[in-house]
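So this first bit is one chain, no partners, the form predicted on its own, shown in structure tokens.
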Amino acid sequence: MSDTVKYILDETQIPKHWYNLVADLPTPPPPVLHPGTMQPVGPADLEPLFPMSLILQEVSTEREIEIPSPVRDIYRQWRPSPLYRARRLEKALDTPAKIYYKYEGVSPAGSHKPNTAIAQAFYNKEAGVKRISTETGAGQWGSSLALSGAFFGLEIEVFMVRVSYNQKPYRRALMESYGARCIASPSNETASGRAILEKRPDHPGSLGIAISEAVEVAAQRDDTKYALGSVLNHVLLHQTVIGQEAMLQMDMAGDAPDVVIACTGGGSNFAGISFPYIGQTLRGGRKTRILAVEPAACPSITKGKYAYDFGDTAHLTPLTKMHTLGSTFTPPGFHAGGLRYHGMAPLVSHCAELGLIEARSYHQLACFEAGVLFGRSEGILPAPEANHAVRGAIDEALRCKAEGKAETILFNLSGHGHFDMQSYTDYFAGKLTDLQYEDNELAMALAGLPSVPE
């Protein structure tokens, strides 16, 4: 049908393997370093935090890693996710561009995060782990790991960034409904949390702080491991089911994207849709522009430094080379809580350094404006994080209009905004502003980057 709106794959077409971009990169990514020795970390260094199966995926150079059957069986609950042609949005913009979006909000938790949460819970359960500690910003990752804990019978403890904890009570309620425990971070339950609260009792929190608390809890108990919802290689790997499905669906549409767009905070949904396309280009296939869209109030790719840094504020993690604003940087409390992370995934950062991707940043008012237009055109109200991708897609479509080009745009709509309605209420009431970070705070955070010998 020439006017098809959605493209649906059969359950049998759920990918059987995750795709590992490392296998196709022209140069390997820099190694992860131990902060004490400045030498590359080995599996033993990571074993207190992760099961060995995930550690092996973290360092793998194989192009394909098989998805276990129990994971694929649970994926069937919402995968394959639909691909939509945004025909009403195209009409509203009066653009010659064709706009498609891959919709990950159909998962039980409402975002792309269960793609890795289910996998991580499976491997932890297989390793005999009883309890997982984690952090969450907007709550999408915490909700997803809580869901996975319910499926696999694991105890889940979530440190939620305090500003999001206060902004998004229904995300907390969803986590608790799935059986998880949710704690506002920084908290009095950890040494790292108490140290921060002593200096600033009203601290809004950050993902870097919440990671410190979750890592500290995991390191203290033998039956507990840590899980991360973005940034690490194995997390990005698990998300590549998105892009693999999108490729099949674009084939169904008889089309192929000229540009692929996603929002970026830690990098997981961006990698999920873009890595299969980057790999296709690197293997000599069709060349696709890849655009990462990040918040102007936390712009790690566009304003950060490409350097070795800690992944957390208390410096409990190894050193990874990434675009970073500095591990002590606290972003202002804008509503896209899932994008309030000081660093970008090392693999995404490496792609940026190799010139394989582009990046741009937007303030939140422009993103909410785009999300409202999208919701009124397509009927789906995006999460504040996903609004950044919507803004990027709309601007690309308007560029096509100005240039008279009929390009094909594909973006990842990483989640719905049904648990983020307070942010929309604030937007319509005129209470949202374009928050700015303090230049001197950024300068101080970057000045404090660890010294790593070349």
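Sequential numbering from 1, following the sequence displayed. Model, not experiment: these values are computed from the prediction.
Keep in mind the form predicted together with another copy of the chain is missing from the figure; the text below concerns it.
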Taking heavy atoms only, is R79 within 4.5 angstroms of another copy of the chain in the predicted complex?
-> yes
Does at least one non-hydrogen atom of A402 fall within 4.5 angstroms of another copy of the chain in the predicted complex?
-> no
Closest heavy atom of P332 to another copy of the chain in the predicted complex, within 4.5 Å or not?
-> no
is_contact(R376, another copy of the chain) in the predicted complex, heavy atom dist at most 4.5 Å = yes
Another copy of the chain isn't shown here, but in the predicted complex, which of 225 to 233, 346 to 354, 183 to 191, 368 to 376 has heavy atoms within 4.5 Å of it?
-> 368 to 376
Of these, E126, D255, E90, E176, which has a heavy atom no more than 4.5 Å from another copy of the chain in the predicted complex?
-> E176
Taking another copy of the chain in the predicted complex as the reference, which of D94, D251, E198, D73 has a non-hydrogen atom within 4.5 Å?
-> D73
Within 4.5 Å of another copy of the chain in the predicted complex, which residues of 416 to 432 have a heavy atom? Give them in sequence order, or say none.
-> H416, H418, F419, M421, Q422, Y424, T425, F428
